[in-house]
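Presented below, as structure tokens, is a lone chain in the form predicted alone.
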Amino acid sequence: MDYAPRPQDKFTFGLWTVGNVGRDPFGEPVRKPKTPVELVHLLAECGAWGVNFHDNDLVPIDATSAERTQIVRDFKNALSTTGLVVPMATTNLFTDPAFRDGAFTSNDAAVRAYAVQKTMRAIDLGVECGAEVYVFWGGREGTESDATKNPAESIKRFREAINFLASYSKSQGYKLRFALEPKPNEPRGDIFLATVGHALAFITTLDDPDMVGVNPEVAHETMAGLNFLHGVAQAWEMNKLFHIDLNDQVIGRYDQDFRFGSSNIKGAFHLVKFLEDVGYNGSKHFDAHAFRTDNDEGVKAFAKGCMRTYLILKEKAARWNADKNIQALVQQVNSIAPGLPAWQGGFSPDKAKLLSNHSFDRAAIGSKGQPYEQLDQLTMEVIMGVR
């Protein structure tokens, strides 16, 4: 099997991913920048389905109206030529010095107003290029010292901005869905809406919670020491998994944005298996970067590797589901003990009475083991290719 990506896989990359020039806090760029048109053609060559962007990935922040028109025209022509689509867009509210203390949560009211204006214009640009999901990553929305911001007031400011922008989008007749992207830290010491759980709770307080979901990222939840799959599963169960960022990360490190599956292959397997089992049909966005040690050919290898790994793990997930020994263990650990009162499916007084009066053999329950070691070992054997 060649594991070649197909359009139905819905693999996407951001302009900022394959366009990363290899700059870091301690080193200058190692690769020459490419234009958005060049990056679209690069992704098409690698077999991607779509490309996403921040507003200023496409149109420089100081571009004139005429320059914007030409840049967008060239970009859309490249999309038409290659067949790539733009499923998602977002706003850069973290690079410019104006956002040194945040955007929607800045203590400066002028900054907050400018951030909302910039996002309105970026929403227009995203929709113009075909985006259906709009992501909000609050990279500067945080603190280094809690003496500097009232966190409750900051959440109110964040809510006010999202509510305003949601209303703006609807007033324009856009069919956008918003997705919040959590991250615990970096570039701020502590970032508001740090995890999927924080974001899901925040969404319930919005004026239109149905319009807003989450865009969880492997690296961000892993940086917090959390199980990424669990956050994704909760978002899915709540109908809030609007988008997903795939990459890899080592716990306790800076935001590494490694090639998908390159660090925690077991976690990547369970994630792919979950997405495929539940029928997730949204974009599979690789928000990652090639190693700084690589040249342009390495960037192509990186992009192809992200997609190839996903497809390999998808095949292994299907093998896991078809393995008779594994499925026998799954059935065993999920078996229903006979004679239990039927309390599931909602409360009723009769169910409560039956459950209250039922006699459980606590010693027997406590002595029962589960073959989880066997199940985990067989899973590892599937991943390692010996089953």
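Counting begins at 1, following the sequence as shown. Source: prediction; values computed, not measured.
Just so it is clear, the following notes concern the form predicted together with 5-thio-alpha-D-glucopyranose (GLT), a form of the same protein that is not shown.
- Put simply, Trp137 is close to 5-thio-alpha-D-glucopyranose (GLT) in the predicted complex: some heavy atom of it is within 4.5 Å.
- The closest heavy atom approach of Phe94 to 5-thio-alpha-D-glucopyranose (GLT) in the predicted complex falls within 4.5 Å.
- Looking at Thr90, you'd find a heavy atom of it within 4.5 angstroms of 5-thio-alpha-D-glucopyranose (GLT) in the predicted complex.
- Among residues of the shown chain, Asp248 is not one whose heavy atoms approach 5-thio-alpha-D-glucopyranose (GLT) to within 4.5 Å in the predicted complex.
- Stretch 213-221 is the answer when you ask which of 213-221, 163-171, 261-269, 228-236 has residues with heavy atoms within 4.5 Å of 5-thio-alpha-D-glucopyranose (GLT) in the predicted complex.
- A heavy atom within 4.5 Å of 5-thio-alpha-D-glucopyranose (GLT) in the predicted complex is found for exactly one of Asp294, Asp101, Asp257, Asp190: Asp257.
- Looking at 285-316, the one residue that comes within 4.5 Å of 5-thio-alpha-D-glucopyranose (GLT) in the predicted complex, counting any heavy atom, is Asp287.
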